[in-house]
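Just the one chain here, the form predicted on its own, laid out as structure tokens.
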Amino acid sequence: MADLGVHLRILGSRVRSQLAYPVSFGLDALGQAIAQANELAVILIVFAQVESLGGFNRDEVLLIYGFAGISFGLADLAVGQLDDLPRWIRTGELDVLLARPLGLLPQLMTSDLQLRRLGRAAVGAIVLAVVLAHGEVEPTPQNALLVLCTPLVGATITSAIWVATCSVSFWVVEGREVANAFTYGSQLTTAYPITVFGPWLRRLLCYAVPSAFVAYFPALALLDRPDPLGLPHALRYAAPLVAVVAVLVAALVWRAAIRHYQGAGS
């Protein structure tokens, strides 16, 4: 509990320092929102030419995009700082963190919290609200709970993928690009129905890197429609269980990476 108090105070100082300059914060958040909206523009342009994409209409794809956008924005806010892990290792600054009586991962997560990343989540939230207002989802208590929980569960799965793939940096000097292929790459793959991808990529997204559980399967449950691929019905409600497994796997990979680390010799 003492460690939690320290990390909360650190987070509080990061938040206060960024909100001290509201105009700068607003512009930074707007920049993140515009970057996130680029993919939204692509989807809208595509649907100006076609009626469906992978068997899904425009609002159904936007529902998936909304969930994916919120999940990625929250995950980027929580663990996006791990992108700097190769620099921490290369410069020997990681050794300083290891010498402190605090957990390494929480230290890295609180090292450079960037509230502007909420701009990405805001775009997804706006799109999700618009789709729900169109009446694409039946307003039931079960669906309301699913709408509230899906972004949090999706952010947990995405964060676990982020931590596990960034751990590669402990074995590969410039492992950032490898990690980016799965982290920022997942932003693209989670924003579309997996039916638009080829069979091998679908298997990768469903079973190896569980990106399909971030938005696709929960969206099927909300839309109450069968899976065009004929996958088991239970998968649409399996995201929380997948999130727990993903966190456990990420924790094991992270622990193995820390044990492998020999120090920078500084």
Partner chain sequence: MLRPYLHLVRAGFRRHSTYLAASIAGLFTNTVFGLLRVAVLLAVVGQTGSAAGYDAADTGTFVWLGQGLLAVVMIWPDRELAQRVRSGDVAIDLGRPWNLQPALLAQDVGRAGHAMLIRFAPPVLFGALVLPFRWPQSPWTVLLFVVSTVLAVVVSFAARFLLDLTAFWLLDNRGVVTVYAAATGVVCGLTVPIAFFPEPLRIALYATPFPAMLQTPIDVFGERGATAALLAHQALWAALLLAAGQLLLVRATRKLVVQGG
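None of these values were measured; they are calculated from a predicted model. Residue numbers count along the first chain shown, from 1. Definition used throughout: the rigid core is the maximal C-alpha set that superposes within 1.5 Å between two forms.
Keep in mind the form predicted in complex with the partner chain is missing from the figure; the text below concerns it.
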property: Interface stretch in the predicted bound form with the partner chain - options 234-242, 41-49, 221-229, 63-71, non-hydrogen atom within 4.5 Å; result: 41-49
property: Non-hydrogen atom contact residue 192 with the partner chain in the predicted bound form at 4.5 angstroms; result: yes
property: 4.5 Å heavy atom contact, residue 209 to the partner chain in the predicted bound form; result: no
property: In the predicted bound form, residue 182 touching the partner chain (heavy atom, 4.5 Å); result: yes
property: Any non-hydrogen atom of residue 13 within 4.5 angstroms of the partner chain in the predicted bound form; result: no
property: 4.5 Å heavy atom contact with the partner chain in the predicted bound form for all of 81, 88 and 129; result: no
property: Heavy atom within 4.5 Å of the partner chain in the predicted bound form - qualifying residues of 185-209; result: 185, 188, 189, 192, 196, 197, 201, 205
property: Threshold 2 Å Cα movement between this form and the one not shown for residue 248, core superposed; result: no
property: Residue 12 C-alpha shift between this form and the one not shown of 2 Å or more, rigid core reference; result: no
